[in-house]
Structures are given as C-alpha cells and as structure tokens.
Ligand SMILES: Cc1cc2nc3c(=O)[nH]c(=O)nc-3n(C[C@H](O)[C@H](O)[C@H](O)COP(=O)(O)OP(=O)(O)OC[C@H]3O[C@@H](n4cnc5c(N)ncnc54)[C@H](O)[C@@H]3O)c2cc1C
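Taking the form predicted on its own, here's one chain by itself in structure tokens.
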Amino acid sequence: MKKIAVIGGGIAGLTAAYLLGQRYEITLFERSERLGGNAYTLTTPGGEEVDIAAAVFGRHSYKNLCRLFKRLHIDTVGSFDWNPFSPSLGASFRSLDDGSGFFLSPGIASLISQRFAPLRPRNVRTLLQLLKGLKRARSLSAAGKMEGLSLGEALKEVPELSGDAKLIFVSCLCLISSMHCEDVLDAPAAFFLEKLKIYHDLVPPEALFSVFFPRNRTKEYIDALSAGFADSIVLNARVRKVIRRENDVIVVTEDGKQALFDRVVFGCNADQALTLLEKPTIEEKRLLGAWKYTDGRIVVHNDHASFPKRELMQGYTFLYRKSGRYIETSVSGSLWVLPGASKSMDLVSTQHPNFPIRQETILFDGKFRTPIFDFGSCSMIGELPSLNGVRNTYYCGSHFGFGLHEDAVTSAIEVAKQLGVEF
C-alpha cells in the first residue's frame, strides 16, 4: 500500500484520513494533544460530557456530514424532538449597556417569564422585518448589486435590516462564522449572503426547527473517524517542514526525524500549511498566503451575573454593546440545552467574552483558531482546489467553502476522490 501523511486532526484531516484509509496506509500528525479541532467534548467534574464549540448542524444544509454520520452509525437528535416544557434552541440578545433585551426563546417557561413578549406586535414586526430584509438583500445580491460592497456598506442599501433586526442578523453571522462583529461587517457582503442562502437552516426562525445534534456528542464521530488508523496517529506532533520530491514526500519533525510518504494531505489551517512547506510554489504562496486566522477565546463557566435569568438563556445568548457601527458581542451557548444534559447543568460556553467572568467559575479557558473571511481570502476560495495534486500535495479544510464543518468534510471528500476513493 502507498503511504499518505495527513497533517491536521480536525474534521477535514480526519475525514480525509478515514476515507483514504480504505486504500492507503495513513499516518496522521496532530500538533495538539487531542483530535477534533473545533469539535471538543469536555467532561465536567460531575462526569457529564458537553460539546463546547461545534455542536449544532443543519439538517438540510449539511448533506455530506449527514451522509458521513450515516456511514459511521452516528445517532442524532433534532429540534423536532424538542419538548416545549424543556430548554429550547432560542436566542437571547441582552445589552450590557442598559440591560435591555430581545428574547426569541419559544419554550413555555421562557414565554411565561417574559409575559409572552415575543408574540407582541412590535417583536413580531421585528422578525417580519428581518425576513423581509434578508429577502431584499438576497435579491440585490442575485442582481450583482452587492459585488465589491462590504457587509456594513450593503446594510445601508437594506433599510429593513436596522434596529433589532440588524442586531439579530449581525449576531447570527458572528455565531456561524466565529468572527468578531467588525470583521463580519468588513467582509464581502456577497460572501455572507451566499452563505446564508446555503446554510439558511442555521439562523432564526428556521433554526428553531431544522438543526440537529450528535446524540452522544461530537466525541463519538471523532472516535469513529479515527478508529481505523488509531495506531498511526501522532499527537503533539512537531512537524518542522515538508519536503516534496518528484515521486515522494518527506515529513521532518523538530527532533530531526524523517518519514517518507508517497503523498501528503494538509488538513490544517492554510497559514500553517504554507509555513511547513519547503519551497512552496508561487501559487501556494498566493492562495495560502491570503488567509488570516483569529484565535478565538472560549470560556466554559457558570458565572451568570451578566446574563438574563435562566429561563431566557435558552440556546444562545448574545451579550452586546453598541459602539458606532459595530455591535461588540459575545456568543454564549447554554450547555443544558444539549440533548441528555442534566437539569442541574448550569454551564455556558462563551466565545469572545466581553464581560467579566469570575475565575472560580471557570472550568475551561482555551482558544480555537478559525479563518477570517475578508476580501483577500474570499477571492481565493474558488481557486484553492487547483493546488490539489501538484507536487504530491493535497489540501482540505473549512476555508474551501464557508468555514463550517460541512465545507471541511466536502473538501476532504474531494481530496479522497482525486486519490481514487469514492464516498
């Protein structure tokens, strides 16, 4: 069997390794102490397992991920299984400036707590305004009138996306991109509108009915993907460089050891791949060098001091401040909403925290790298597949699409196909 080195143990690298393992001898190099990347199942002091980053997927938009789960026999639970008397997948928006809030939490306890405020005419109008604004924005984009505009500039052309409608819209984009608000507003409008067109089931109101979770957490599919080559996984790998020759590839680690392979697949971030390549091509420098990343802080804690009361913290809570054109927001997921979580669960997972968190309440404090989609990087997405096959090298990752699990899996499937393995 020919040998393939896979560098990167996130969902892209794992999917590529899983598929290619049917035909090739695989060695996977992961620089951290665990597999999964942004799929991270944390065990609480009480023994419960909770997903603190990637956890929710769209039934309609994640077609290849659903196919992968079916092959791996991963059981899922959807929002159609939601009990109206249990925590729901709603969204809460609370101002850190004055404590005011807008709560889209459809659970019975939440509705009673806020005296059925979501059903009041003003709030219904906000949701209708949001839907109308999205429709107008998509129409303008389809007509080519969003080309060259940043999202911030494009919003000026869509008056419906103002006030609370804009708050919901921009906050949801921060959620599904893991980007800061200023980066979202500076990104190409056409990119995000196309993303919303494809991943329409990740944002309200459709998200309330279409999203699903892995029933036994993301850990289950990470373990299932890696089971076939478990003895060939190198954790805490310190790859120093990758040397490509005419018919093979040499992976050199920091301790000077060398391993010979027939091919190499980079499932890591674009900038990391470029750093590892000895003598990258002009095209590799151009296409990989365009990408920037953010090290987004994620804190798992039970400090609820800055949050609304628990009944209103269902699903996601956006704690925000308004500063000029920006909405500085954190994104917090209520972990007790996850299927199977105990009623006593009180942990939240906060990304980009913008409020004080007491140290004694913190269970986990780490950083997750995610790509920044700006005008430079977005212009390269369509050309990235052209790098595959050149000098025995292949690439996959979420940056081959819109930055989500589905994009990572799809790009890995394409790499496997080019190497003779059908999915």
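Just so we're clear, the structure is a prediction, and the values are computed from it rather than from any experiment. A residue's number is simply how far along the shown sequence it sits, counting from 1.
Not pictured, yet referred to below: the form predicted in complex with this ligand.
- Exactly one listed residue, out of 41, 61, 38, 27, brings a non-hydrogen atom to within 4.5 Å of this ligand in the predicted bound form: 38.
- Among the residues 50, 372, 387, 54, the one placing a heavy atom within 4.5 Å of this ligand in the predicted bound form is 54.
- In the predicted bound form, at least one heavy atom of residue 268 sits within 4.5 Å of a heavy atom of this ligand.
- Using a 4.5 Å cutoff between non-hydrogen atoms, residue 203 does not count as a contact of this ligand in the predicted bound form.
- For the chain shown alone, residue 19 is not a contact residue for this ligand in the predicted bound form, no non-hydrogen atom being within 4.5 angstroms.
- By the criterion of a heavy atom within 4.5 Å, residue 253 is excluded from the residues contacting this ligand in the predicted bound form.
- Picking from 374-382, 353-361, 27-35, 387-395 the stretch near this ligand in the predicted bound form, with a 4.5 Å limit on heavy atoms, gives 27-35.
- Annotation for 384-417: interface residues with this ligand in the predicted bound form are 397, 398, 403, 404, 405, 408 [heavy atom within 4.5 Å].
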